[in-house]
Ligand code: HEM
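Let's start with one chain on its own, the form predicted alone, as structure tokens.
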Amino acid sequence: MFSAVCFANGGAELAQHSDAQVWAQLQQGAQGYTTSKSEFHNQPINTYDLRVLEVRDLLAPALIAASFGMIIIFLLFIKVNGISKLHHGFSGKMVYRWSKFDVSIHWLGAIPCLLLILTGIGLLAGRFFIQPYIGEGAWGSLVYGAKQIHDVVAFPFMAGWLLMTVLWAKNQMPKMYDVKWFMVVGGYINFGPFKGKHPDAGFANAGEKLWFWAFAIFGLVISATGMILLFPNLFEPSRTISLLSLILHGVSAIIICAFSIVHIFMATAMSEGGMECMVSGYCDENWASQHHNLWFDEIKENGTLKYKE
């Protein structure tokens, strides 16, 4: 680098200084000239707030804790508590809940989201639990492949995020009865004073609303910072903004990762009959009555109740 940059004070003068003095000048932001046309061509060394770098170093362990930690917690919870079964079993009558388009945009966002989480874990934290056990060549290939997948699936993720946020927000507005849902943990506890409690819920329950708004807000942060990181020359951010974007991207990914694991467990293992909604768009009548009673009563009253033929 030093051979490619001639400092404004003169190369001969700098050469007379000791290495320590040169290093000190560079750290203080010494500038010079070069044939490069980069925005930061005259700044040989990045200067960052060290506190920002310390936050960056916490991202990998936090992501590992958010992913594997939540999985362990849910497995233990299911072992102790069991799942939320339908009190009256399956009715066999399937109620229309989601359109085919809604189901499609759900998976448009969900599948890329899962791929982003998996590749993101590998890129950010793989050096701790993958790299030590494989060769350098294999590690390099793995990182390269993960980076390519991560960059490509970012675009369908953003498309799914945008469509879900815009089209579904109307059913995700908080209501007063949502407070009671949280107070009894949604009726998913099978012991103690919470057993058998099934709080009121509309089209979306309070937990689903919390997940939706977390996804909407932090998905926006992930998308914006992701574009800055993908196209630094297009947006021309400062080096500090690029680093802050990386940190905000990582923090948002950690939050989305934790919520995604909760969402997956709640929709599959925890709620009997829940997964069917995002497979066919229909739900069992007893599931609708037990978990979304206000919505089920509403569509019965207004005549929009529709069964699968």
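Everything numeric here is computed off the predicted structure, so don't read it as measured data. We number the residues from 1 along the sequence you see.
What comes next is about the form predicted together with this ligand, which is not displayed.
Looking at 205-213, 147-155, 179-187, 133-141, the stretch with residues near this ligand in the model of the complex, meaning non-hydrogen atoms within 4.5 angstroms, turns out to be 205-213. Interface membership of residue 268, defined by any non-hydrogen atom within 4.5 Å of this ligand in the model of the complex, is confirmed. At the 4.5 Å threshold, heavy atoms of residue 114 reach this ligand in the model of the complex. With a 4.5 Å cutoff on heavy atoms, residue 110 counts as touching this ligand in the model of the complex. Residue contact with this ligand in the model of the complex: residue 63 places no heavy atom within 4.5 Å of it.
Residue 260 is the only one of 252, 67, 245, 260 with a heavy atom lying within 4.5 Å of this ligand in the model of the complex. Shown without its partner, this chain lists 201, 164, 94, 121 as candidates; in the model of the complex, only 164 has a non-hydrogen atom within 4.5 angstroms of this ligand. For the marked spot (106, 277 and 292), a heavy atom within 4.5 Å of this ligand in the model of the complex is present in each of the three residues. Contacts between stretch 55-82 and this ligand, counted in the model of the complex as any heavy atom lying within 4.5 Å, involve no residue at all.
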